[in-house]
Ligand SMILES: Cc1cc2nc3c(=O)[nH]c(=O)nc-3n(C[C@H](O)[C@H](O)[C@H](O)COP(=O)(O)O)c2cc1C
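Quick setup: one chain, the form predicted alone, written in C-alpha cells, and binding and motion questions come after.
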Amino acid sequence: MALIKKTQPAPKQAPDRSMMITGDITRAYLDSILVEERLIGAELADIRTVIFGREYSSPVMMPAFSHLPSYAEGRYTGLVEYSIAAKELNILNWIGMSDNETYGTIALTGADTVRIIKPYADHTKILDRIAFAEAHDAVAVGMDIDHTFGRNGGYDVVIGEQMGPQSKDDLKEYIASTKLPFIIKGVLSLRDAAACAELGVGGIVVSHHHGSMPYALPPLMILPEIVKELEGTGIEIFADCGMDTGSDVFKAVALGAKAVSVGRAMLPALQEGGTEGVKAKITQMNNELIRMLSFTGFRTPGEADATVLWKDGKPMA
C-alpha cells in the first residue's frame, strides 16, 4: 500500500499579544497621571506652537503613517487626506514609509511635512529619499530606528523592503547629507538620547512605535528624564503612542514634549470622514487641550510644566 502524503495547511501564527499589552501599559500610565486645578488668575490659553522656527496652530501633529489606502471609491489615499487636513488646520504633518512618487504627491498638498524614512539595509535608498524630501520643501527628515528588528528573530522586512542596522557613522552620514533638521524617532532610553545629542540631531521622538518591542516603557514615563538629559542642546523633543485626547497631549507637553503626534486615535475619523473627519477629531483635541491649559493656569503649551501633575498620590515635580 503506497503512502499518500497529504499537504497540511501552515499553522496559524498566534497574534502578538505583547503589542497589545504594551499599548495597555501605555494607556494605563497615561490614565494614572492626575492633574490639579489652578483657577485664580487663570485665562483662556493660546495653543499656538513654534516647531523648527515655524508657527503652527497647535502642538498636536499628524502621525508618520505609511501605506494608507483609499477608504472609498473616488477618495484620495488616507495619507493625502490627512495631509490636506494638516494644511487646512495649520499643524505639522508627518509621513512614514513611502517611495518618492508618493512623497511627491504629499508635497503637492502644501502641508508642512516631516518625512520619516525606514532604516533600510540599502543606505543609498535612505540618502535618495532624504535628498528628494529636501528638494520638495520638507520641514525635516528622519528615521524610525525602532523599525530595525522584526518579530521573527531577524531584521525587519516591510512591504518587501529589507531593514538593517544603523551605526553612529551611518547616522552621521545621513545628518551631514542634508540642511534639514534630522529626527530620530524611537528614542526610549537616556543612552540613545545622549547618542542623539552627540550626533547633532535636530529632534527626537520619544516613542515605542505602538509596541515594536514587547513591554516597552510608556513614553511619558521616561520623557522627563530625557528632557533633563537633553537640556541645553536645542534638540526639539516630541512624543507619541496612545495619545487619544487633548488631556493626553496636555500631560505630554507638561512633562516636556514640544509637540505630540496623534495616530490610531484619528484613524476611525479618517476612515469614515476623510479630511473633514480628521479636522473634526483634531479640533476636538485642540479644544480639550485649551481647556486643560486654562484650568491649570497656563497660557500656552510652552508654559505648562509637571508641577500640576500627580501620580500615585504624590506630585510629579
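Here the structure is a predicted model, which is why all the values come from computation and not from measurement. Sequential numbering from 1, following the sequence displayed.
If you look for the form predicted together with the ligand, you will not find it shown, but the lines that follow are about it.
Checking Ala86, Ile235, Ile116, Leu220 for any heavy atom within 4.5 Å of the ligand in the predicted bound form turns up a single hit: Ile116. Between the ligand and the residues Ala45, Ile33, Ile51, Leu68, the one pair within 4.5 Å by heavy atoms in the predicted bound form involves Leu68. For the chain shown alone, Val141 is not a contact residue for the ligand in the predicted bound form, no non-hydrogen atom being within 4.5 angstroms. Of the heavy atoms in Gly242, some are within 4.5 Å of the ligand in the predicted bound form. The closest non-hydrogen atom of Val262 lies within 4.5 Å of the ligand in the predicted bound form. For Lys185, a non-hydrogen atom is located within 4.5 Å of the ligand in the predicted bound form, even though that partner is not displayed. Shown here without its partner, the chain carries Ala64, Met97 and His209, all of which come within 4.5 Å of the ligand in the predicted bound form through at least one heavy atom. The stretch that touches the ligand in the predicted bound form, counting heavy atoms within 4.5 Å, is 89 to 97, out of 89 to 97, 221 to 229, 128 to 136, 105 to 113.
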